[in-house]
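Here are two versions of the same chain, shown separately as structure tokens and labelled structure 1 and structure 2.
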Structure 1
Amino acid sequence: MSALSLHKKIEENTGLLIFGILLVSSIGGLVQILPVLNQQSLQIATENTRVYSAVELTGRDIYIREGCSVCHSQQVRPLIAEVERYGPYSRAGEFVYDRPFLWGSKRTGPDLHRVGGKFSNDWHRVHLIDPRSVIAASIMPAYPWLAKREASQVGNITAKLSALRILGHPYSDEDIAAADSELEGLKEIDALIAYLQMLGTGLSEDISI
């Protein structure tokens, strides 16, 4: 049967057409994406990478909620200029507890993967509430509401940790039981800063590139 007459069959049969499209379009996914999902080396944490604490996880969820990843990447590329500007390039093992990943696709602001420890908590606080009081030319939005809202109201932290435990994050029963009290008295901005300060601290100290 020639290719054209085979095709005549397909284009005259709704079911065959649907099946053909499904088949042809899934090959790429099966050959290219599935192996990545099974690749163990992408799931091994680097030396200092650990699960997020209740406070850091809440901060990360605020980071997601405010769409920080729209303007800030978290992916230092292995280029001389990037390593110099931001720090050691990003390793797969640093992201094993990131659901979802927050690498971003646009740097309207600088990369944040190695921002942890670079600025003081106070600097972050002032900067988040009024960016232009710190950097006059900044075009970052101000986030005054973060200083007013309670961190415990961001979502059900117990349910969050339990959900992540189902996905394989090593939270103990004690971690989950203590989660509510860890957030007590904290504002959203405290949680966000805690998250920013632990960003990119997953590599062993002697790695400098």
Structure 2
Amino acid sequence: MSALSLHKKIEENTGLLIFGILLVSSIGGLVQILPVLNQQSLQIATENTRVYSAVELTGRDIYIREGCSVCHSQQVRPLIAEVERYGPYSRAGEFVYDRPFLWGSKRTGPDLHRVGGKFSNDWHRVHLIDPRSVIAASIMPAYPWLAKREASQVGNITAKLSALRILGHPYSDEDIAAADSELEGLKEIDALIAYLQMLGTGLSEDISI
């Protein structure tokens, strides 16, 4: 049977066509997935990467809840324009403690992966409560309620740290026991700012871009 007649037979037979599509898709998927499973660089944290503190992890939950990842990505791609604008490109080892990943692909606002330390806590506080008071042309919505809600009410932080430890995150018994007390007296905005200030700090300052 010639290649042409085989191709025609597959096109005329719905079952064979579906099987062929699934077979080719499966092969393509395996080619992409299998090498990644054995790539150590994707599983080893960079030198300064650490687990999130109880406050930062709570802030991350607020970041997800408020939909920040819809408009902001967290991945600086290895392109000259991106590196010049945002800083060193993102490395896989910086995300080993991220569950789920928040890489994103939509940039209504700027990428935030290197935002940690760029602005003061006070700047972030004002920006979250009234974005246009610091950036006149900003289209970001205001989040004044974050300054009123208690951070300790976001979720069961002790249970979350315990679950993450089962998944391999190196939290100690002391970390878990102190989690609730770390959130005492803090508002949601404090936790979110702590998370933002930690973003992108897992990379050594002297690393080449």
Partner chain sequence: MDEEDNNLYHDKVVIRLIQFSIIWAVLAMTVGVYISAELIWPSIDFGQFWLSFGRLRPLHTNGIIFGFAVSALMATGFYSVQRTSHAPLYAPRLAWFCCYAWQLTVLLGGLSLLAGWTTSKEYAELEWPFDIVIAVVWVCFGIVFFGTIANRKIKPIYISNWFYGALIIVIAMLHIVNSLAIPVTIGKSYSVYAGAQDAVVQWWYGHNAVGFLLTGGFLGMMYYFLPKHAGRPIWSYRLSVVAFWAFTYSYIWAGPHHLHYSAVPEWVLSLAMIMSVILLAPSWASMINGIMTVSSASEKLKTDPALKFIVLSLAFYGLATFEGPMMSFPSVNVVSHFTDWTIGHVHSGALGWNAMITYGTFYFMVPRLVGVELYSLRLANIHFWMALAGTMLYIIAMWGAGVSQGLLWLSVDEIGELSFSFKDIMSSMTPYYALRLIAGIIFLGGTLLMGYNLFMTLAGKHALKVYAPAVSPAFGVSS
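Superpose the two forms; the largest set of C-alphas matching within 1.5 Å is the rigid core. Structure 1 provides the reference sequence; residues are numbered from 1 along it. On a predicted model such as this, the values are computed, not experimentally measured, just so you know.
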{"item": "Label of the structure corresponding to the form predicted on its own", "value": "2"}
{"item": "C-alpha of residue 15 off by 2 Å or more between the two structures on rigid core", "value": "yes"}
{"item": "Core-aligned C-alpha movement of residue 48 between the two structures, 2 Å or more", "value": "no"}
{"item": "Core-superposed C-alpha of residue 162 shifting 2 Å or more between the two structures", "value": "no"}
{"item": "Rigid core superposed, the C-alpha shift at residue 29 between the two structures in Å", "value": "4.4"}
